[in-house]
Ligand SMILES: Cc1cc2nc3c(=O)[nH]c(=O)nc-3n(C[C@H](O)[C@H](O)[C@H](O)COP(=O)(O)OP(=O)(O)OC[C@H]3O[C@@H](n4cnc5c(N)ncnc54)[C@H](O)[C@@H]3O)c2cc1C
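A single chain comes next, written as structure tokens; it is the form predicted alone.
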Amino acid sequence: MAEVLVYVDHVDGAVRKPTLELLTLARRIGEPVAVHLGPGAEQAAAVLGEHGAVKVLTADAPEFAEYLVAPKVDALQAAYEAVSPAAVLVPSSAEGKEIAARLAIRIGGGIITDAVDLEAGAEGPVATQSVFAASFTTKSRVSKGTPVITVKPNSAAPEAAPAAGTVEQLAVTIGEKSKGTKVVSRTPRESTGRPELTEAAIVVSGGRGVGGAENFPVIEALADSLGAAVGASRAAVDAGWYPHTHQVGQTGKSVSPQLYIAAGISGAIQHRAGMQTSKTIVAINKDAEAPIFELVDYGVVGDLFDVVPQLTEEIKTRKG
């Protein structure tokens, strides 16, 4: 069976959930070979092997941290040349998509971004995408070269499938052209204790109906009761009620959680483009004619300041 390269997204060896999803999808089209760059490979190998990686190619170099993405592309290209894979899978983060695009150019392959599903096809892997603000679903395949595919988080449930997970050192040469942009400083993101927005299984978002920054704790309380991430509409972030890093929408972040709760959000196309692929959508809005109700699985017509606190208390009660 052909091998499939899977780029590992991790924090010092702690493998992030989107990578485990990629390994699950990779098994549909071949044998997953994980590419782990940076420290913590031995720690990561156990988890990667448990989820189907037959091999873990690893390399660590100071350039991976000192420069922007190009050194990582050098390493992924080295892995590609060593394996000659049937496809390369990369998480659909901002960095992941840049790595994928640069790699595709270097190897003369085609690229498909933001896939939400993957299946084997007679002429190569077939990717499912949601396009035109999630109004259509398309199936695509690369017609020339090796496909490089980025996959949205929460597109598949991670499934364990123990494999060897043998760690092998990858010989990497960092080219001088890859050192054009140096990282001169880093500021750690403040931790809220909540899941990363784009990776969360549950997202609770507030919009114009929240009425002000002072009212967002109502949204946060519901999110915390569910172990969810907090999102916001463009109207809410533009008004300064919530940080722009939490914006969900066409000009913000795209999310695809198992459950998306929209409170006080009308459902303009700009917002829908960022959350329409969510598995289950619940809307709370006092306007029964709000466009958001056109795409929801469950809709509550009511004042969010009446509904959300009751929902939060009910969830806490049921959790005991």
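Source: prediction; values computed, not measured. For every residue, the number given is its place in the sequence shown, counted from 1.
Note that the form predicted together with this ligand isn't included here; everything after this is about it.
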property	result
Partner-contacting position among Ile281, Ala290, Val33, Ala59 - heavy atom within 4.5 Å of this ligand in the predicted complex	Ala290
Leu103, Val151, Ala235, Ala228 - the one with a heavy atom within 4.5 Å of this ligand in the predicted complex	Ala235
Contact flag, Val248 vs this ligand in the predicted complex, heavy atom cut 4.5 Å	yes
Contact test in the predicted complex: Asp12 vs this ligand, heavy atoms, 4.5 Å	no
Residue contact check: Lys286 to this ligand in the predicted complex, 4.5 Å heavy atom	yes
Gly302, heavy atom within 4.5 angstroms of this ligand in the predicted complex	yes
All of Thr24, Gly52 and Lys55 within 4.5 Å of this ligand in the predicted complex, heavy atom check	no
Residue stretch of 161-169, 208-216, 87-95, 121-129 approaching this ligand in the predicted complex, non-hydrogen atom distance within 4.5 Å	208-216
Heavy atom contacts to this ligand in the predicted complex at 4.5 Å, residues of 251-285 in sequence order	Thr251, Gly252, Gly264, Ile265, Ser266, Gly267, Ala268, Gln270, His271, Ile284, Asn285
